[in-house]
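First, one chain by itself in structure tokens, the form predicted alone.
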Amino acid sequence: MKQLLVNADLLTFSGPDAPRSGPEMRSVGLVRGGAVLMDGDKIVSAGLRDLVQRHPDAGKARILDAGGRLLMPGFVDSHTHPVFAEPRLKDYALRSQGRTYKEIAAEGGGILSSVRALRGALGEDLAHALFERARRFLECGTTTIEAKSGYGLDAASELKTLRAISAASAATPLEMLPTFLGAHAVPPEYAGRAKDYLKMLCGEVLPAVVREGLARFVDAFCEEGYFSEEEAELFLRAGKEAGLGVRVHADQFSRGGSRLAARLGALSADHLDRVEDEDLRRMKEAGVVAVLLPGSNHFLGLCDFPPARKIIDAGVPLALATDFNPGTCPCWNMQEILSIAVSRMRMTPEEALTAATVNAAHALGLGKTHGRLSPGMQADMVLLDCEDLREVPYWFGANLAAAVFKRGALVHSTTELRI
């Protein structure tokens, strides 16, 4: 079906088919009095209304009126942990009493508490819970997410998680790109034997993941107390050799993961709270996107945030993501992440919006189809109940998404689009 959405101010993010870095991140391709013509799941034309309406198919389209609101690409959330059995409420309460992330993890909380809960859950229950969470993402304007495993940490539970992602993805409009994060932590049964655990993942689980087509990427938590640079490389190289894209949890608490990401030519290095100038130089040369997750710092009550300005000044493309998970960031709303990025990391509103769309798409290898409003791109869009792009991060805690389109279909709306 052909649809013509008119009377909107567009953020097109027009420009090269490449992630944006440095000053380029401030260019959002604003078009006032714009329109977007869709044919099925693709954008056919986007720009000034008069020009779009001259397209041969415009006269055949169903016309929708955006009411003068702001229209932009749907948010791309390139780092989430959305499959879990229960929230970590105990951890949350302990942090309010002054306990640190590392202290809680050392006493059996943190990731390993999520592992115990997930191992006891049924796969269909995990899939149903993820299906319900998908609705929350869509309601806030997110149309694509990366979805990690990593709370199973044994063969059966990791496969159960990835199958739950596959089942939920087939039932919801939200696009989910699955990541095999088997190397998230060393499970209790392998305590002190990290390399034995990784050999099990590579020899037993990874072949099944590839055989069933359950993942697009592999990821590892390369951090002190979890997996060393050498250990993480064993797992990630095996995934890369099996045809999966590489992502790295890097430099959140200690340095090393970003070096590994550059060495492996990873799509992204995520967190980067402790990244150094030399690491950024290597990332830039290797084409690695920096994915920052300030929602976790906020929720953990940390004073320090990832060094966004240093990363932008170094010319490394920067993306933002929620890090949605049950322990350190139970937030699915990318608008809230933009607000934190502007207020706490001193990103401009334009940079934050670029980081949550076109750059986030490139962090997932989707730059040719997602993250921009231009001909040939997937018709994933969010209509925001505002007129100025600065309002998106300004109204923190609010959800401004008035209508959300995924592949050209209206999947969420709080307003009537006048015809």
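Note that the structure is a prediction, hence the values are computed from the model and not measured. Numbers for residues come from their place in the sequence shown, where the first is 1.
The same protein has a further form, the form predicted together with a small molecule, not shown here; the description that follows concerns it.
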{"property": "The small molecule contact in the model of the complex: residue 328, any heavy atom under 4.5 Å", "result": "yes"}
{"property": "Contact flag, residue 81 vs the small molecule in the model of the complex, heavy atom cut 4.5 Å", "result": "yes"}
{"property": "Non-hydrogen atom contact residue 88 with the small molecule in the model of the complex at 4.5 angstroms", "result": "yes"}
{"property": "Contact test in the model of the complex: residue 332 vs the small molecule, heavy atoms, 4.5 Å", "result": "no"}
{"property": "Interface stretch in the model of the complex with the small molecule - options 303-311, 336-344, 195-203, 245-253, non-hydrogen atom within 4.5 Å", "result": "245-253"}
{"property": "Among the candidates 259, 160, 184, 133, the residue which, in the model of the complex, approaches the small molecule to within 4.5 Å (heavy atoms)", "result": "184"}
{"property": "Single option in 111, 138, 71, 264 placed near the small molecule in the model of the complex, where near means a heavy atom within 4.5 Å", "result": "111"}
{"property": "Triple contact flag 20, 75 and 351 to the small molecule in the model of the complex, non-hydrogen atom at 4.5 angstroms", "result": "no"}
